[in-house]
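Just the one chain here, laid out as C-alpha cells, in the form predicted on its own.
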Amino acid sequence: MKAKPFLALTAVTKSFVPGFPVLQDVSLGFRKGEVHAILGENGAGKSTLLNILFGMHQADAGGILLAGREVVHHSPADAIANRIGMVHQHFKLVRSFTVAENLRLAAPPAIRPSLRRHADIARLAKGFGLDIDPRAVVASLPLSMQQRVEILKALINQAELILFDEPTTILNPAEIEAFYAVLRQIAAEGRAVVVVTHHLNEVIAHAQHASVIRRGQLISSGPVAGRAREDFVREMVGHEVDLSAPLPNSGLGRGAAELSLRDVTLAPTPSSSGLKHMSLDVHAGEVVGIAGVEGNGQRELFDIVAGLRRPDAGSVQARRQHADGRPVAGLVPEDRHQEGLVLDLPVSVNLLLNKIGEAPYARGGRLMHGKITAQAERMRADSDVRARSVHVTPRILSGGNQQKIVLARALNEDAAIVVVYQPTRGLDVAASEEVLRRLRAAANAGKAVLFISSNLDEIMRISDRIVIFYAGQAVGEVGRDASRAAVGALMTGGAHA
C-alpha cells in the first residue's frame, strides 16, 4: 500500500492578473522516500507552485495539507518552521560573503555551532559530494559553484521536504550524477524531494514519480517507471516534438572567416583552466559548437570574444570591430538576469538596449518612445515574446520569454557574428527548440554563430563543426556526423573513440 503524502496541495488556484490563472485547481501529493519531478513549459506554473509551498506566494483558492493537517505559509519562515527547504532557480546568496558566511547565515541556530570552522564546513560539503572552498567569496565563483552553495543551504537545514527549482541547469554531467546521488540519499533517509526540471533524461534516470503541468493545469501525475521521454514531451507541449533530428543547414557552404582567434592565452583561475594557445575561426554561414566539461575555458572564450576580458597573449580579429578592437557581435550571455537584461526596465528598452541611444530611437538626447515601441512590437511578434505589452518589465515574465528578449536583441544587432553561451539554460523543451531554430536560421542567412554550451545533444544537432575544449585547449575538431563517443572521449582528455 502506497504511503500517504507527507505534503499535499489541494485544488490550488493562483492568478497574478484577474482572469488569467497561473495555476488552476492543482492537486498533488509528495511522499517521503521519493524524488518527485515536476515538468512543464516555461510559464506553465511550476515555479509558482513551489513558491506557494515555500510561502513566497499565497494561493487564491485551495490549500496545503502537511501530514494531514492544514497549514498556511504566509512567508518562507513559516515553511522553514514546517520543515520545508527550497533551492531557488535564481540564487538567493549574499555575493559579497564567503561560502562559509552564507551557510552560517542560512543555518538554524542549533546547526550553527557545527559550522564554526572552515574544516567542518568543507567536511560537510564533501560528505554531500559537493566539494567547495568555504573561504571563497561567492561573487568570485562560477555559476556552477554558486549553485553548490544553494544546494548546501537547503541540505544543512535538515528539512523533511526539499524543493529544487531547476537545480542542475548549470552542472556538468558528472556533477549532475553526484547531485542525484545526494537526492537519492536524502530520499532514502526518509525525506521528500521535489525537483522542477526541464531535463527529461534526468527524470527518467533518477525520479520515482513525475507530474506534468501545462498552462497551469495538471495533465498527469504518476510513477516514472515505464514512461518514455516522448510521452512527457507530448504532455508538456501538447504535440509531438522530435528532439533528435539535426537542424538543417542551408547547404550553401561557409563563407569568409568573420571571427579569428590566434594563439589566445589567459591565465587559469581556481575554478577554470583558462586558455592555452587557443586558435579558432568562425565563418559566415556556419555554426561552430564548443563542447567541453564546464570549467575548461568556455567562459573565458565568451568573455574574450565579447570584449569583457583581454587575453594575456594572442589576438582576436573580426571583419568588423569597435573602435577599441572588440568584435562587433550579437551576444547571448550565460546569466540572463545578471548579464542579459535590466529586469526593471520595460521589455521595449531591453529589446533595443544595444541601440537605444542611436537614431531613430533617440534624437537630441531624447528617447523617441513611439519609434522604440513600434520596433519593439515588431521584434516581440517575430520572437514570440509572450508579454501583455512591451511596456511591462522582464522581471514578471517566464525564463523562456526573458531569453527570447536576449536572443532577439542579439539577432537584431547589425553584426555578422552571434556568440551564445548556455543559450538554453533553464528553458523548457519548446523554448529550447525555438532558440536552436532561430540560431540555425541566422547561420543559414549568413551569420557566423559561435555556440558554447554544456548540452552535448544540442551542440551535435545544431553545429556544422564541433571544437572540443579540454584543460583550456582546443584538443580536437569533428564534423556534425561525429559520434557522441568520439566527442565524449575528447571532452574527458582522451583520443577519438
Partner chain sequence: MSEEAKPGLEMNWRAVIAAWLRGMARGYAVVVLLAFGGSLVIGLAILAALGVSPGQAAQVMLSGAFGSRMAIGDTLIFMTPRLMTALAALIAIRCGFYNLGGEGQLQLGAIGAVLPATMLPPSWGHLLLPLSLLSGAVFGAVWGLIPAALKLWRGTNEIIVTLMMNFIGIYLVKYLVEGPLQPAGSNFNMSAQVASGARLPLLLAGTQLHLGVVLALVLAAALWALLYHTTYGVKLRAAGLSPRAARLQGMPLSRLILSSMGISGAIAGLGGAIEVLGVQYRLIEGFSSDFGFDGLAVALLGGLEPLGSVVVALYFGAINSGTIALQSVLSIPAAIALVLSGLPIVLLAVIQGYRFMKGRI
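Numbering follows the first chain given and starts at 1. None of these values were measured; they are calculated from a predicted model. Rigid core (definition): largest C-alpha set, two forms, superposition within 1.5 Å.
One more form of this protein, predicted in complex with its partner chain, exists but is not displayed; see below.
- Here the marked residues Ala139, Pro333 and Leu367 all reach its partner chain in the model of the complex, each with a heavy atom within 4.5 angstroms.
- Heavy atoms within 4.5 Å of its partner chain in the model of the complex are found in one stretch of 206 to 214, 154 to 162, 178 to 186, 344 to 352, which is 344 to 352.
- With the partner removed from view, the residue among Arg319, Arg83, Arg326, His88 that has a non-hydrogen atom within 4.5 Å of its partner chain in the model of the complex turns out to be Arg326.
- Interface residue among Pro223, Gly357, Gly190, Gly253 relative to its partner chain in the model of the complex, by the heavy atom within 4.5 Å criterion: Gly357.
- Using a 4.5 Å cutoff between non-hydrogen atoms, Phe232 does not count as a contact of its partner chain in the model of the complex.
- In the model of the complex, its partner chain stays beyond 4.5 Å of every heavy atom belonging to His198.
- Residue contact check for Leu308: one or more of its heavy atoms lie within 4.5 Å of its partner chain in the model of the complex.
- Of the heavy atoms in Val71, none are within 4.5 Å of its partner chain in the model of the complex.
- For the partner-free chain shown, just Arg409 of 404 to 424 comes within 4.5 angstroms of its partner chain in the model of the complex, judged by any non-hydrogen atom.
- Fitting the two forms on the rigid core leaves the C-alpha of Ala205 displaced by under 2 angstroms between the shown form and the other one.
- Core-superposed comparison between the shown form and the other one: CA of Ser260 displaced by less than 2 Å.
- Once both forms are fitted on their core, a CA shift of 2 Å or more is seen for His57 between the shown form and the other one.
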